[in-house]
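Okay, here we've got a single chain as structure tokens, the form predicted alone, with questions on binding and movement later.
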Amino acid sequence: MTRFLVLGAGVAGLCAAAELAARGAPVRIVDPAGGPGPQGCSWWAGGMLAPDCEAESADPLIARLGREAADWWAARGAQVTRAGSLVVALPGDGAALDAFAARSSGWRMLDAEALAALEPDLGGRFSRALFFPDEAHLDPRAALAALRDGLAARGVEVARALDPAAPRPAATLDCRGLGARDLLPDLRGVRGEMMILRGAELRLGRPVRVLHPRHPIYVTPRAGGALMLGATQIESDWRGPARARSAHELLSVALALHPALAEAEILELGADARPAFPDNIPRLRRQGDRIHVNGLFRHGFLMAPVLARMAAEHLLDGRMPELMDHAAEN
């Protein structure tokens, strides 16, 4: 029987394994960490399924293909909140909001009254906001756990090492992120730092992006009244702890969003480096019987389902993926 080996149990690996297993293909997963956790960048993701917002700076195909992500996650047991997302600009920087609107689509412009009705705790703080009603968000850690549990129910567990007695797989899906630079020399790291707060007198129903000329951030609601602040974007593959400068930048813009955040407890401060190709577009790349699923950049939870579907269609149906790197296929 055809067997597939998946290397890596981050968002790319678990999505690929889930897609193959759902189609009845036997699959094995190997990850030295034993599964998703603080050692991988998927753990520190924001969880925004925001293709329309991403169109502001990403390639148009990210918005087009990313629109299937929310349904994909919901169908696999993740709790997807479909409440849209907001974009605001700090006072005196209305031009940034207009520029964001010009480069994106799917939004409605809200005045101060409409914004206060949608997000009462932001009432009186901004005169305008962009509302993207078709966007969604999820808790990345809970979503990864849902995938892991769904795979376990099909008999697919995450092993820490290859079993030398296991049969040779028909194909290997390499989902190791930056760990695959031994075979993908054009892969680079883009460092991101984030923090999780709790206890502030601020409640949000949806992600809010705060435009800033130097340090734009997003604030995403999590369970139990927690909020995630993210994320810096630094051209670096250093995977060490978050820096004081980045924490200061995140908090400075967050306090401009709402001063109540000054009283919040900092539950977590984390960092990792996201894998990206030079054009920041994720892709599949075939090398013999190995298919790389990589380059997710900051679009991990938005684009991993798309790459997983394309990889499964390629392996099981012989279809050529739109995001296959043809130049390096052999």
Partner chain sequence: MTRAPHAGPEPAPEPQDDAGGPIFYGRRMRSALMLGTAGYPSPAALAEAARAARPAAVTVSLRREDAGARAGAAFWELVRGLGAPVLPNTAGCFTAREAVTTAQMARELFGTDWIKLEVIGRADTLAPDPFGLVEAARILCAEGFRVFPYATEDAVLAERLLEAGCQVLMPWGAPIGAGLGLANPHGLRALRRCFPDVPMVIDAGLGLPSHAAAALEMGFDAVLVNTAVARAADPARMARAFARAVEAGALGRAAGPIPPRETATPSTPVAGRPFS
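It should be emphasised that the depicted structure is a prediction, and the values quoted were computed from it without experimental measurement. Residue numbers count along the first chain shown, from 1.
This protein has a second form, the form predicted in complex with the partner chain, left out of what is shown; the following refers to that one.
S.K.: Quick one: from 108, 203, 160, 103, grab the residue that has a heavy atom within 4.5 Å of the partner chain in the model of the complex.
M.R.: Spelling it out, the residue with a heavy atom inside the cut-off is 103.
S.K.: Could you spot which one of 137, 188, 258, 209 gets a heavy atom to within 4.5 Å of the partner chain in the model of the complex?
M.R.: If I apply the 4.5 Å criterion carefully, the residue I get is 188.
S.K.: Classify residue 245 as contacting or not contacting the partner chain in the model of the complex by the rule of any non-hydrogen atom within 4.5 angstroms, answering yes or no.
M.R.: Yes, residue 245 is a contact residue.
S.K.: With a cut-off of 4.5 Å between heavy atoms, is residue 235 one of the residues that contacts the partner chain in the model of the complex?
M.R.: Contact with the partner chain, yes.
S.K.: Using heavy atoms and a 4.5 Å limit, would one call residue 198 a contact residue for the partner chain in the model of the complex?
M.R.: The answer is no: residue 198 has no heavy atom within 4.5 Å of the partner chain.
S.K.: How about residue 181: is it within 4.5 Å of the partner chain in the model of the complex, going by heavy atoms?
M.R.: Within the cut-off, so yes.
S.K.: 22-30, 53-61, 39-47, 265-273: which one contacts the partner chain in the model of the complex at 4.5 Å, heavy atom to heavy atom?
M.R.: This holds for exactly one stretch, 53-61.
S.K.: Need the contact residues for 278-305: heavy atom within 4.5 Å of the partner chain in the model of the complex, sequence order, or none if there are none.
M.R.: Residues within 4.5 Å: 278, 279, 280.
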